[in-house]
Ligand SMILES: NC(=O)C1=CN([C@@H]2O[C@H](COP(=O)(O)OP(=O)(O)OC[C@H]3O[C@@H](n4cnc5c(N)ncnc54)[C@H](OP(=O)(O)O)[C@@H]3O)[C@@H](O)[C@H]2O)C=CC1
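First comes one chain, alone, set out as structure tokens in the form predicted alone.
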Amino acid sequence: MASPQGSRAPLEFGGPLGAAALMLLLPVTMFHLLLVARSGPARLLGPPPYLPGLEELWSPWALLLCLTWLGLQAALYLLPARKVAEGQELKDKSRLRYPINGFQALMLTALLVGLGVSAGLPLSALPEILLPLAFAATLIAFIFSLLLYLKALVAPASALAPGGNSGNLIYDFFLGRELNPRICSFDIKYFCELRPGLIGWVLINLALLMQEAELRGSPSLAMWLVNGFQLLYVGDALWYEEAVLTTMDIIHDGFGFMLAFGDLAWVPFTYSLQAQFLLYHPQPLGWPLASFICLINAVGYYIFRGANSQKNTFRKNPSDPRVADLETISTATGRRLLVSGWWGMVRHPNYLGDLIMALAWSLPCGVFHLLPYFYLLYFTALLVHREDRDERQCLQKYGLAWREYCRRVPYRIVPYVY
């Protein structure tokens, strides 16, 4: 075992007490959202309509379904990839290799689901068992996190995450001790980051759309918009899957309860909240307003994709004609910081695009309920916190160059606001 680094690295998320609180609060919030979305008042801040008993939460069939889903996505992960990419350089100067076949997994999943539905698969019944499915996913995340923690106890020091080796069991269990836990060449964190949760999210959305069609004759325009917007987002993430290799989740955070629960439970069951709300609370939506909402989503996606593509192109090849003329700041590490283009507008333009799209996903649900806007509120808090973590790491890594970048680009996410 490596010696704890708690004396060298500041603890995040409020330390052990904050980590313990989040491990309780996050599942409770998820189940609260699932319960109030189907209730009549649908009050985000009010109490849930009732507290479900264990007999309503626990279902061996739901657990089997979750495990089957994970097995299917793992099998698709192991299929020949259209490309194999190298990750960032690790402490021991090595680079891990990753299959880039997430979009392929999405397409094959869509084909299998389509064949299943045509053969009589009752996909529209899925919304009726969201509670036991969420409970099963939470149970899997806890057990998975425990196994990963035990695995990390025998991992070499070079394999540990920068922040997950504090020596405190609760904190390290939450944040994750091992940076890139693998079984042979199967990278567990990379697999969970995009595959089962994101594809599961759009599958739940589709099931909600199909159930609405059964209840009301056809899906509403609002339901179509939510499904379309979020499918575009997931498809984009999987098409540009290689970009995840440079994110904080992959290069900095260990794989513990925070990411395991987030990837396997939080994403599919809370990100589908707008579609859940629309199934139980249909909203009238005309084409003029729908067109305006589509425009908002298009603007958000344009900023999000433009900023991310510019960053990824620059990281791969700063001499690429698409970015060669952009102004940069040299750093002591030998890398350069973009200070023009999208990254000269604000320090995190991709976050700005993300938030604009989050607003567009909520607007089809009307403006008389706060519940569908939970994702926007939560994502704002998440990105502000993530931006703060990222800025502290960049200051530590780039020093004076980062201070100069912040002077040149004073706004963090929203121009002239924040």
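So that there is no doubt, residue numbering starts at 1 and follows the sequence shown. Computed from a predicted structure; not experimentally measured.
FYI, the form predicted together with this ligand isn't displayed, but the following is about it.
Looking at this ligand in the predicted bound form, residues 343, 350 and 383 each place a heavy atom within 4.5 Å of it. When this ligand is considered in the predicted bound form, residue 406 lies well away from it, no heavy atom lying within 4.5 Å. Using a 4.5 angstroms limit between non-hydrogen atoms, residue 247 touches this ligand in the predicted bound form. Contact check for residue 11: no non-hydrogen atom falls within 4.5 Å of this ligand in the predicted bound form. With a 4.5 Å cutoff on heavy atoms, residue 379 counts as touching this ligand in the predicted bound form. With the partner omitted from this view, the residue of 151, 336, 182, 252 that lies near this ligand in the predicted bound form is 336 [heavy atom within 4.5 Å].
The partner is absent here; in the predicted bound form, the one residue of 101, 297, 308, 145 having a heavy atom within 4.5 Å of this ligand is 308.
Listed stretches are 106-114, 274-282, 328-336, 73-81; the contact stretch with this ligand in the predicted bound form is 328-336, by a heavy atom cutoff of 4.5 Å. Of all the residues from 379-402, those having a non-hydrogen atom no more than 4.5 Å from this ligand in the predicted bound form are 379, 382, 383, 386, 390, 394, 397, 398, 402.
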